[in-house]
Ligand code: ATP
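What follows is one chain in structure tokens, specifically the form predicted alone.
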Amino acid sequence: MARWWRDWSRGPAAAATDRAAARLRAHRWPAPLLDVIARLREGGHRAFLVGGAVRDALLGRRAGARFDVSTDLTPEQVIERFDRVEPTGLRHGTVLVIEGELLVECTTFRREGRYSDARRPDAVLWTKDPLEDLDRRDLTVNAMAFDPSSGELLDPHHGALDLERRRLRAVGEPLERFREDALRPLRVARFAAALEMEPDEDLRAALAEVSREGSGVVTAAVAPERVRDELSGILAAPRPSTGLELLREAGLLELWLPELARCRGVSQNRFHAFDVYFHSLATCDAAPAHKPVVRWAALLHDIGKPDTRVERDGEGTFYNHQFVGAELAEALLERLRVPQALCQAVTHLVREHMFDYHDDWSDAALRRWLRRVGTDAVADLFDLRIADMLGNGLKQGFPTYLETMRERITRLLEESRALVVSDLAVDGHDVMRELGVPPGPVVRAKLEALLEEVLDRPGRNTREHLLARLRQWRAGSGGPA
């Protein structure tokens, strides 16, 4: 019988499941993972790969070192079978099995009660039926279970067909799924952006209801850390704008990123084809996906514009918006519990993104700019500037002056790396000894004065010359008092 006839006669969903099962059987799963599943199955028990591991294998996406497995074993029974186990969520049936570099999160098949806190079920009941376990999941593409030992694929909600059609669809009634866990609308946005898939009509309709009074979705109950993680996932996607626009359309962007939401409708000038909001999204899309610092900075670099807009001759100007934006970005990232190092790096890029380089900059001026922004931030600032120009919608192309600037920076750094006080050939002890002063702000001021001279003339950064300058100052000639 011809394959097309067999597929058609059995229905598209069944045929898609068959194709998915064949691909999963041919997939090269890590040997330690197969060993974990085999040990879970000992004694006639059942164990399945679930969630992202199955979905990503079918999409051809690279797997990480962490896998989700569901089993009919209780957490206590799982613990008995392995040497290295962490009880990460015993109440909800989850333990983490560690096999070398591999992490396997094992969860007992379960049914769930009400979600009164809009995050976790009030009650969890173990079950022996893996289909019941799949019924509690959020999206059909996450509701497949595969046993690599037998080659069996469970696909009760036709997730394989949805994957082929690039469609996101809820398991059951989507608004009810959102009421159970108010983070799920954000997860939909992340999956739409990361997997480049479209929500179906029912899912879109439910998203539109989430922020409305009486929807029963308690979005305010979601922890900032969970929101942060989902937003970070959106920003790592090929086109973050896909997920961010879904959030805006659902009225959720104003809840979690109000500083960005209020940029919509803020018109700019002849140097931009978009308003501030859509320019921010386009800039974020154009930023390197593997650089979260630049992606965050690209998204937030202009959030100071609504507060600084002044119209002159029919066009918007935004004097000092970068400084206002840096303060807003810092507050936003702190609110989301973003790690301090990332928060500081993003805030720094937002503050410095308006650098205005010209060929007539002197070498000393360029060294002073490098001193202010830091050499470690230059590559990220360049990436942000490129994304900013690509995101203005005017198709101006690559800012060629950056290549000239890069070449000059390379030359200057080869000539001298004295850009900060610690690069000087003398230190605070030398200042105290030569000037006869105690530790304190005077020492720092003298070092800064020496650095200013070195920035103008890098060749002066020798111990002999700088000590001579200190002696001149002590004698009251040739320098600051």
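None of these values were measured; they are calculated from a predicted model. Counting begins at 1, following the sequence as shown.
As for the form predicted together with this ligand, it is not shown, yet the points below apply to it.
Novice: Indicate whether this ligand has at least one heavy atom within 4.5 Å of a heavy atom of Ser280 in the predicted bound form.
Specialist: Looking in the predicted bound form, residue contacts with this ligand do not include Ser280, since no heavy atom lies within 4.5 Å.
Novice: Could you confirm whether Gly52 comes within 4.5 Å of this ligand in the predicted bound form, counting heavy atoms only?
Specialist: Close contact exists here: in the predicted bound form, Gly52 approaches this ligand to within 4.5 Å, heavy atoms only.
Novice: Please check if Arg136 has a heavy atom lying within 4.5 Å of any heavy atom of this ligand in the predicted bound form.
Specialist: Because a heavy atom of Arg136 falls inside 4.5 Å of this ligand in the predicted bound form, the answer is yes.
Novice: Determine whether any heavy atom of Thr242 comes within 4.5 Å of a heavy atom of this ligand in the predicted bound form, and answer yes or no.
Specialist: Thr242: no contact with this ligand in the predicted bound form.
Novice: Work out which of the listed stretches, 185 to 193, 301 to 309, 216 to 224, 349 to 357, brings a heavy atom within 4.5 angstroms of this ligand in the predicted bound form.
Specialist: Careful reading of the contacts points to 185 to 193.
Novice: Should the three residues Asp423, Glu448 and Asn461 be counted as contacting this ligand in the predicted bound form, with contact defined as a heavy atom within 4.5 Å for each?
Specialist: Not a single residue of the candidate spot has a heavy atom within 4.5 Å of this ligand in the predicted bound form.
Novice: Scan Asp383, Asp285, Asp181, Asp72 and let me know which has any heavy atom within 4.5 Å of this ligand in the predicted bound form.
Specialist: Comparing distances to this ligand in the predicted bound form, the residue within 4.5 Å is Asp181.
Novice: Find the only residue in Gln268, Gln322, Thr94, Asn142 having a heavy atom within 4.5 Å of this ligand in the predicted bound form.
Specialist: Of the listed residues, the single hit is Asn142.
Novice: So which residues in 55 to 72, when you check this ligand in the predicted bound form, have a heavy atom no farther than 4.5 Å from it?
Specialist: The stretch touches the partner through Arg55, Asp56, Asp68.
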